[in-house]
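The chain below stands alone and is given as structure tokens, in the form predicted alone.
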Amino acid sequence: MVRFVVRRLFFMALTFLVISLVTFFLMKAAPGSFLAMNVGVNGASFGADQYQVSPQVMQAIIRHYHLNQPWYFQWWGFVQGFITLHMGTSFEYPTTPTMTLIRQTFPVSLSLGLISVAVGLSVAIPFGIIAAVRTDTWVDSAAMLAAMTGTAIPSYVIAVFLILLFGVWFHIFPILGYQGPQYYVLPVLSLSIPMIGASSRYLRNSLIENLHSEYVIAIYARGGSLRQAIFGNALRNSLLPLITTVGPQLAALMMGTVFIEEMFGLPGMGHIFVNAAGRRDYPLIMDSALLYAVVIMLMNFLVDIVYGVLDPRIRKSGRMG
């Protein structure tokens, strides 16, 4: 286990550096810059919300953000600032550290992702079990039809339907803002419904395969019931393929919910990342992208650990990833 953890941490650090380099070069390759798009010189006007500064102030801004330094100096400055949690300030909010912006918005995306995954799994697991037990019956067909429908419809389309149904027509839940738990109901449903469809199908197929395996047949031979076969061994083994999808899904829900956050007015990470990309706010782009990468890698790392907990054979072999 220790050898696995050390090896995985090494590859996580290497992956982090590669992602930071790729993000940096793609960010720099994008046409335009924050200064060119948002800062005018000597009264030149290119937009209604553009700042007007003198050439001297423009040069001071360039020096302050090290934009006149070589690329490797700029890149390492972003990486070092992220690792040490001294990220500096963004271009658009020069008086607010990017760490403060992330601290204000990341909990919103984190709670939204965690609650959506919890709701999705709490519904998907019973659905998958029922469909597997009642395979090739109308119950199985109905459950899989509902699952495929939920998977095929994008979350933002589901959000529109939920807004119309529960917010506009029946006025059951609020549809805009962030003032209490009731404001999370519709966003969580919008994100969890597609996950319910995908996860229930994974579990159904895996459970059907395990119910026809030799160890389950041995349980029946000893006089065991279907309930004992499912909850004694088959379900635990069937959860392994499902866990593979949960980690990346959780990370995606935490960081990639920009449409849902925009539609329901939630101030999350997705919202500030899109704004930063559109405004060419380099510090905020780098810090958001690196945080996203770290979350993805940590989720995959935790998935491997859970694999070892659920399957002793993997833990003893020492090859969990």
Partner chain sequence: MQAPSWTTAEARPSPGSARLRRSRTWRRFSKNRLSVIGLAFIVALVLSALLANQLTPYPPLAPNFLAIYQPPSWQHWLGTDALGRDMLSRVIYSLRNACIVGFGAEVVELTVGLLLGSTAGLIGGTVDTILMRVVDVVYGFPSFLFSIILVVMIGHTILAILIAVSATSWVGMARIVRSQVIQVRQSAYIEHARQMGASTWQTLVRYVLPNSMGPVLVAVTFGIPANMMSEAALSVVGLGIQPPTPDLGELIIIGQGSVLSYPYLLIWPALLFALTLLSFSFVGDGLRNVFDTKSGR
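Numbering follows the first chain given and starts at 1. If you're wondering where the values come from, they're calculated on a predicted model, not measured in any experiment.
Keep in mind that the form predicted together with the partner chain is not shown, yet the notes after this line are about it.
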{"item": "Interface segment, criterion being heavy atoms within 4.5 Å of the partner chain in the predicted bound form, picked from 97 to 105, 151 to 159, 114 to 122, 74 to 82", "value": "151 to 159"}
{"item": "Leu9, Tyr183 and Val306 all contacting the partner chain in the predicted bound form, non-hydrogen atom within 4.5 Å", "value": "no"}
{"item": "Ile19: touches the partner chain in the predicted bound form, heavy atom cutoff 4.5 angstroms", "value": "yes"}
{"item": "4.5 Å heavy atom contact, Leu266 and the partner chain in the predicted bound form", "value": "no"}
{"item": "In the predicted bound form, Ile172 touching the partner chain (heavy atom, 4.5 Å)", "value": "no"}
{"item": "The partner chain contact in the predicted bound form: Leu253, any heavy atom under 4.5 Å", "value": "no"}
